[in-house]
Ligand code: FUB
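One chain comes next, on its own, written as structure tokens: the form predicted on its own.
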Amino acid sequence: MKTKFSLVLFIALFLATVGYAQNPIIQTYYTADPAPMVYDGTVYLYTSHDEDSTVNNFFTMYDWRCYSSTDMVNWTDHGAVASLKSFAWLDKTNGAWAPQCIERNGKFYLYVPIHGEGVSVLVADSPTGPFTDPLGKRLIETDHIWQDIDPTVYVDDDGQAYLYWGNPKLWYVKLNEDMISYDHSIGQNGVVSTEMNTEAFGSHNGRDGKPGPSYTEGPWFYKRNNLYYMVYAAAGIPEYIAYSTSISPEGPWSYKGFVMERAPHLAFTNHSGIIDFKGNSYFFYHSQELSGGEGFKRSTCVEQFEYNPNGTIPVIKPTKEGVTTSVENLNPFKRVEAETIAWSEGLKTKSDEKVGVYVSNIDNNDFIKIRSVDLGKGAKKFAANVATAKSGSIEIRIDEKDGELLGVLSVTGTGGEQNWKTLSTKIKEAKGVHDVYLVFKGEDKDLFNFDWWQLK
């Protein structure tokens, strides 16, 4: 409870200072190294996960998480979709670093680095898993496994897939169509070392004071309008985000400049991902602001941006407002998962086999904000699926946490914290598009668990 209290207190101070921000987009967990994937009209966001308790003053990371959005302002938590325990051959208990996922031929391939164990791959039939290990060993076999981190993957128009990775150098392989093996006829046993020079990756003075290429780690590789982009963490620690381009997926690369410069609320590391979605371009990164400046407790952020007419990327400023406009409104007349959140305070999520992911750790005055909710011509009833041995209530408000009160759902004991029951209450009709706030009230701690809600 001490960790939760500290996080709640910081969020409260954070909100009091800046109003209701959008960044970071996940508040229930510390998430880093964002890797967005667009599939079937949805953005699936894969992240690493910094634990609430940092061990030995170093990255403490055991699993990989997934979130999704169709509107770029509300994010649905799908829980931990893979972990170090997904690999039966692995005896490491820490080191679940920056992932990336891609779809091919109806399968989803999650490439994950394990610190000190190189790059491995997991496969699933769904973007949210379950992911399983198809190889029983590492995918990338090299002599520099401690440097084999931060994989980024792309399938080119001709069907050839490329997997890049590395710190402080950049390597790649040509993946075979099965996406779990690669062509060994090129490079050194299939691994090609990218030429690292200042023309390709810019110039930076290293720790020895000598100039060298600015590339550090965290590559993000993609193609747009016949131009290949390599976006990466640069200039050592603290890290900036820079990028290079090429007319070939195999280089040579040409340095183009910074994408995001250092800012006080960013962590000493940074890691980016870029997508186009529903006619807009988005830049993902991470900061340390939610944790109050702890570089081993990072949080995912996103900014909307526009490419310059010549295809170059502008310098993007990290903001607290983040994405200000949704690309579609949320329909509350269909079941809405409680873990679909634009902003929250004080909450966590859990999961079980019965209901999947649900909202937990609910205390008095905690809340969930859902943005751009289309109330249509008005609703008459609010229903929620909850489980508790205690009692509390949910206030349904619009536009602000203390905004107009539409109604109050009384949540009484359902027979246990895993005994789920759907409760409902009449509400005042409100029309049009609003932000909806679900504000929790009660005298006890851990008031109830919350699975989903719906207007009728």
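Model, not experiment: these values are computed from the prediction. Throughout, we count residues from 1 along the sequence that is shown.
This next part talks about the form predicted together with the ligand, which is not shown.
Proximity to the ligand in the predicted bound form, defined as a heavy atom within 4.5 Å, holds among 406, 45, 394, 61 only for 61. None of 290, 368, 153, 149 but one reaches within 4.5 angstroms of the ligand in the predicted bound form through a heavy atom, and that residue is 149. Of the candidate stretches 350 to 358, 211 to 219, 317 to 325, 79 to 87, only 211 to 219 has residues whose heavy atoms lie within 4.5 Å of the ligand in the predicted bound form.
Proximity of residue 97 to the ligand in the predicted bound form falls within the 4.5 Å heavy atom cutoff.
When contacts are judged by a 4.5 Å heavy atom cut-off, residue 385 does not count as touching the ligand in the predicted bound form. The ligand in the predicted bound form comes within 4.5 Å of no heavy atom belonging to residue 128.
In the predicted bound form, the ligand stays beyond 4.5 Å of every heavy atom belonging to residue 142. Of the residues in 282 to 307, those that come within 4.5 Å of the ligand in the predicted bound form through at least one heavy atom are, in sequence order, 286, 298.
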